[in-house]
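Only one chain is shown below, in structure tokens, and it's the form predicted alone.
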Amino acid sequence: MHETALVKNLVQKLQAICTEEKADRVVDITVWLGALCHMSPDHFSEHFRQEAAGTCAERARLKIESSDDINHANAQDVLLQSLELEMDDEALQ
């Protein structure tokens, strides 16, 4: 359940960013998994695809970087590192 809540929260933030930026969709997303966040890249990817279905992030290319450093300041966290959005043509005018 911890994983579901983390990924659901991330997808909600992506939805909010798409709305705020008037973007059509998320093209690329890069996340960083801390060594103590209890999720492997495969596990995170599986949850992300489930939670992103039907949202602006559904077809996003997902890049996952993971750390083995248990002493890192963010070792328990999942961090959004970068995001590329596809903008609505009208939003650019």
Partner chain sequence: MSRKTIKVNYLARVEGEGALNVTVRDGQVRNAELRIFEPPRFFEGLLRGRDYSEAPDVTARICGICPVAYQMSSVNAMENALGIDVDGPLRALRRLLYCGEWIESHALHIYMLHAPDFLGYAGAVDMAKDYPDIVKRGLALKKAGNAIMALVGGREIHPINVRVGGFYRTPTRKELAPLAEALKQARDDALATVRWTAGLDIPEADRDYHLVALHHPDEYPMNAGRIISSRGLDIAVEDYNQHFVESHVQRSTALHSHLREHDCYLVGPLARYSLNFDQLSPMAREAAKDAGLGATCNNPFQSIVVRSIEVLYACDEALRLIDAYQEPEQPFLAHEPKASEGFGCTEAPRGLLFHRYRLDAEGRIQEAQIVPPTSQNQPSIEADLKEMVGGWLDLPADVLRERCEQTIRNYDPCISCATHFLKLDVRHE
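Residue numbers count along the first chain shown, from 1. On a predicted model such as this, the values are computed, not experimentally measured, just so you know.
Below: the form predicted together with the partner chain, not depicted.
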| item | value |
| --- | --- |
| Ile17, Val78 and Gln81 each touching the partner chain in the predicted bound form (heavy atom, 4.5 Å) | yes |
| The partner chain contact in the predicted bound form: Glu58, any heavy atom under 4.5 Å | no |
| Contact label in the predicted bound form: Ala53 to the partner chain, heavy atom within 4.5 Å | no |
| In the predicted bound form, Arg49 touching the partner chain (heavy atom, 4.5 Å) | no |
| Contact flag, Val27 vs the partner chain in the predicted bound form, heavy atom cut 4.5 Å | yes |
| Partner contacts in the predicted bound form for 5-42 (non-hydrogen atom within 4.5 angstroms of the partner chain) | Ala5, Leu6, Asn9, Leu10, Lys13, Ile17, Glu21, Asp24, Arg25, Val27, Ala35, Leu36, His38, Ser40 |
